[in-house]
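What follows is one chain in structure tokens, specifically the form predicted on its own.
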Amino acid sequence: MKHNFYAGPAILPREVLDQASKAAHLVESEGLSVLEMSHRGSFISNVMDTAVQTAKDLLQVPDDYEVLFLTGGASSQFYMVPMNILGDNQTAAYIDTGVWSTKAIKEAKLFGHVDTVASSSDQNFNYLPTLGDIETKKYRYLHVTSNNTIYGTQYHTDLDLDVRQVIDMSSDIFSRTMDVSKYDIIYAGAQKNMGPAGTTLVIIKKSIVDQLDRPIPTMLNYATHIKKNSSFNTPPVFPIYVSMLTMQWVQKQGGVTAMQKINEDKAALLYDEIDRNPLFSGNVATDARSLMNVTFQISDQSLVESFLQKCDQHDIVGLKGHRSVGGFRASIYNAMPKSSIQVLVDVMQDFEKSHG
């Protein structure tokens, strides 16, 4: 069995894969594969309802919010958010903490005014920028990317600001507790911490929908999907089904509060070794370290390939860092068992003995 540290599509719980593989072949009660069933039928309708309710339960979503499962990945939300809620003469505030927030800023500028109120681009996004004093009443919303998969930084708590927020939680959804009521919109592509690629979770406050005079294409209007319970057209049934199973698995672990403690423990194991081992060093400021994507370097760059080869010998895959950062990236999402992280730590220690 491989130890899967890929950033995405990412690791899924083994029991979820077992359940999903069986359903892909045959759901005995239906006599069909889940891949073959009508999205208007009772089984898939129940899957959709259960997925929505499980998301609500895990995050304690207030009654004045809707939960949607859409397509297009989180990248589609970069433009759907401002298209639906940012008026031509309104201004949104964005915090730029990496590639994905930079892309979101670019799209938002097509629909209204955008102020980049904080950025860590001056140091290749290796820290979380201080926001300082901003005129919160000036802004329709503040957009935050909670976890930055490429650079390895993360906001561990909600920002306490007097402005409604929009948050991209593609890589840390269900990994930590949060206050949904602070946000107009929460969105997350499934393929990093929730399920396979193909669906995007959107949690949206009802009161912000249909508030603009701007014409919006039917498929890009949140109101369309709210009215049709995410089934205006055929939804990506299998990714939603697997996401439902994964959310139920999180419930079995004790919910999001328990999951956060597990994640903190797992991350500490790896960060402690990075800090102890003279061959390695972390990429980002200590207080900004991600619990989901651990980025680090080796002191002697000539040893990069040797270390990756040693990892491969121990069935460790997906550890090579993103090209814009280099080094290594260990993605340790909810489904990553602590035992796999221990294997990586053991390899790091063994490599130190050989090359220290």
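Owing to the predicted nature of the structure, the values given are computational and were not obtained by experimental measurement. Don't overthink the numbering: it's just position in the shown sequence, from 1.
If you look for the form predicted together with a further copy of the same chain, you will not find it shown, but the lines that follow are about it.
S.K.: Check each of Q297, S45, S33, Q53 and return the one that places a heavy atom within 4.5 angstroms of a further copy of the same chain in the predicted bound form.
M.R.: The residue in contact is S33.
S.K.: Counting non-hydrogen atoms within 4.5 angstroms of a further copy of the same chain in the predicted bound form, say which of S119, N124, T71, Q165 makes the cut.
M.R.: Contact check passes for T71.
S.K.: With heavy atoms only and a cut-off of 4.5 Å, decide whether N263 touches a further copy of the same chain in the predicted bound form.
M.R.: No, no contact at 4.5 Å.
S.K.: Using heavy atoms and a 4.5 Å limit, would one call F351 a contact residue for a further copy of the same chain in the predicted bound form?
M.R.: Heavy-atom contact with a further copy of the same chain at 4.5 Å: absent for F351.
S.K.: Does any part of G132 reach within 4.5 Å of a further copy of the same chain in the predicted bound form? Heavy atoms only, please.
M.R.: Result no; G132 lies far from a further copy of the same chain in the predicted bound form.
S.K.: In the predicted bound form, is there a heavy atom of a further copy of the same chain that lies within 4.5 Å of any heavy atom of G98, even though the partner is absent here?
M.R.: No, G98 stays farther than 4.5 Å from a further copy of the same chain in the predicted bound form.
S.K.: Verify the flagged residues L128, R140 and M247 against a further copy of the same chain in the predicted bound form: is each one within 4.5 Å by a non-hydrogen atom?
M.R.: Result no, not one residue of the spot touches a further copy of the same chain.
S.K.: Pick from 201-209, 231-239, 265-273, 250-258: which stretch has non-hydrogen atoms within 4.5 Å of a further copy of the same chain in the predicted bound form?
M.R.: Checking each option against the 4.5 Å cut-off leaves 231-239.
S.K.: Only counting heavy atoms and a 4.5 Å limit, does any residue of 129-165 reach a further copy of the same chain in the predicted bound form, and if so which ones?
M.R.: None of them.
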